[in-house]
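The data below hold one chain only, encoded as structure tokens and taken in the form predicted on its own.
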């Protein structure tokens, strides 16, 4: 079982409003020197201490992988979320001390690809910023298609078009000029790898179209950082730790386990990577699987759960932790 990554202490060097709903944050190492290296598509987990509650949310690293004196992330404010994005927007200011995890890359560039086709929706643009820097410097062919609601709600599209020219195409949903995914996929040369990041329905639609056109699974890549769902509070028994843990309405199972000082593995904290997969020893109730990792058969068997996003309804849940 993997151990939780060691936190890196940082200072907030800059907070920049990008759109009415998006802010960019730049972190520098509190101890000076350089931060750990990362590659295009990597993310870091930001710790937010909100009173007695500690939230850990993943955000894509947006800076150049060659510049390790700071990390940059962007956060879209979501009012009806569990509070992490609101905390970042309303509570975090330049000069604050925070902690982040070492970088993890679950959305890495496919260096053997003939071409990279990048499809982004909304704040899903963030992992592609660092990817395009690396692809451009490596002289690898790529094109980005970026779907935004309108010019005012789409972060970074002007900067990206200025830097990469015709390799960046913007599709504006409110103007009726949405993205024709099938047309894009049909015209790609063999050996193209497809990368998509954005809202869940967008990712699922792109994947369905690609599979329908015969794209091989190994050429399909996606990233989504799904926030843990809220729900009714419940208790869980951690058998190996001999602890009973209460999981609050706005708290994830993983966060409750961490608050109980029990080490639990994670990488993405968004239900996609499988790192936090935990064995279910007993379940008198219903597992609410919110992940994108377990198969339908594994869910039906009820022997595994992803604590980062999934929940439970019932009398008792016993985990192998």
Partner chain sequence: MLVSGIKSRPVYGTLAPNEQARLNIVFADGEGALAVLAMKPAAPTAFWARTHVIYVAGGSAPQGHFAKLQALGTHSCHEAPTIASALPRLKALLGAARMGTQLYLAGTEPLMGEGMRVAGEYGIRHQSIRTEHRGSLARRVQCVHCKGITESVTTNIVPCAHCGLHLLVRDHYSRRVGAFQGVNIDAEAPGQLPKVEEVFK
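Numbering follows the first chain given and starts at 1. The structure presented is a predicted model; accordingly, all values stated were derived computationally and were not measured.
This protein has a second form, the form predicted together with the partner chain, left out of what is shown; the following refers to that one.
Residues placing heavy atoms within 4.5 Å of the partner chain in the predicted complex fall in a single listed stretch, namely 208-216, out of 85-93, 132-140, 208-216, 67-75. When the partner chain is considered in the predicted complex, residue 81 lies well away from it, no heavy atom lying within 4.5 Å. Using a 4.5 angstroms threshold between heavy atoms, residue 191 counts as touching the partner chain in the predicted complex. At a distance threshold of 4.5 angstroms between non-hydrogen atoms, residue 114 is in contact with the partner chain in the predicted complex. Although the partner is absent from this view, residue 104 stays clear of the partner chain in the predicted complex, with no non-hydrogen atom inside 4.5 angstroms. In terms of contact with the partner chain in the predicted complex, the residue from 170, 110, 173, 237 that brings a heavy atom within 4.5 Å is 110.
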